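Okay, so here's just one chain, in structure tokens, the form predicted on its own.
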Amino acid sequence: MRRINTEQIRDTVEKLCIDANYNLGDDLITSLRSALEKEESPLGKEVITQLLDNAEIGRKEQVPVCQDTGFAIIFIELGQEVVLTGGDLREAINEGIKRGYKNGLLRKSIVKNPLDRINTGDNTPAVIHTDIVPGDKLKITFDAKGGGCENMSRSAMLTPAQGREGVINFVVETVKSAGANPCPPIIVGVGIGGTFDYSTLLAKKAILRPVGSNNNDKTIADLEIELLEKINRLGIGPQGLGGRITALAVQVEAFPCHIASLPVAVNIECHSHRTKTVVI
């Protein structure tokens, strides 16, 4: 058994909040540069150039790349041979969020009650997903999820008869109806199967993969490629100003489902894809 003190988790989460909001991942930068080469619209090229410049400013000056510094979403993979000491895991994570958003001068965007709309003042509580996995490591993934792109996400309970074409139509129509709202070029996470709730989690997890990576299952990978082609034919383009590149990637995760069901969820991520992972 291996012991990990929750103070280390708190400190790690604090650093992840700041790092993710200041320093966009190499996979995203590579994808944006590739998009710049493929984009045919002069205005679209200018937009992508500005996005790359903005990312560079964030990195050099250590400032947030976007004013919406996101809902703090934490994915924990806890090795079953790990013993946590020093306090409550959830409390440690939320304390790390509080410190990260305060010390990183990040906007606090969370309201305590969805109807009263009173800001919590520290960007907590985080949404925390925990999986127990083999081993003696603790993997923490932080995702700063902006409100604009999250608002454009959708889920549906299709019938099995709608099949693959039904999935394609739902995903493409979701992106089409979103238009410029999620700040394209976007990353489209798709979850297929499971249950109503699990399909949405799959869609969220899909956007955590390296940008542009394909599913290991060839059937799903082929679907990703077709969806990306269809979405990029919509003509929405960078920032909705027209062009070839509406999406940088479509990433799909699938799970077994009931014989009577075909759950599908789409979780859209904006061009400011702010996610970081640390293994303790």
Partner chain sequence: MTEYIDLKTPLNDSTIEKLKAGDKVRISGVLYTARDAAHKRLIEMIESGKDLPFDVKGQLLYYVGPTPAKPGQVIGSAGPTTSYRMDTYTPTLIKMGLKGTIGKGGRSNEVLEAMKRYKAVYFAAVGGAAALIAKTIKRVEIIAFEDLGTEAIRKMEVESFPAIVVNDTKGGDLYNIGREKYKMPY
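Here the structure is a predicted model, which is why all the values come from computation and not from measurement. Residue numbers count along the first chain shown, from 1.
Just so it is clear, the following notes concern the form predicted together with its partner chain, a form of the same protein that is not shown.
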Next item on the list: Scan P160, G86, P210, G148 and let me know which has any heavy atom within 4.5 Å of its partner chain in the predicted complex.
Entry: G148
Check: N215 near its partner chain in the predicted complex, any heavy atom under 4.5 Å?
Finding: no
Next item on the list: State yes or no: in the predicted complex, is some non-hydrogen atom of S31 no more than 4.5 angstroms from a non-hydrogen atom of its partner chain?
Entry: no
Check: Quick one: does T69 come within 4.5 Å of its partner chain in the predicted complex, counting heavy atoms only?
Finding: yes
Checklist line | Non-hydrogen atom contact K139 with its partner chain in the predicted complex at 4.5 angstroms | finding: no
Check: Exactly one stretch in 90-98, 106-114, 126-134, 187-195 has heavy atoms within 4.5 Å of its partner chain in the predicted complex; which is it?
Finding: 106-114
Notebook entry, point to check: Within 4.5 Å of its partner chain in the predicted complex, do I74, L201 and I280 each have at least one heavy atom?
Noted result: no
Check: What residues, if any, in 1-16 have a non-hydrogen atom within 4.5 angstroms of its partner chain in the predicted complex?
Finding: none
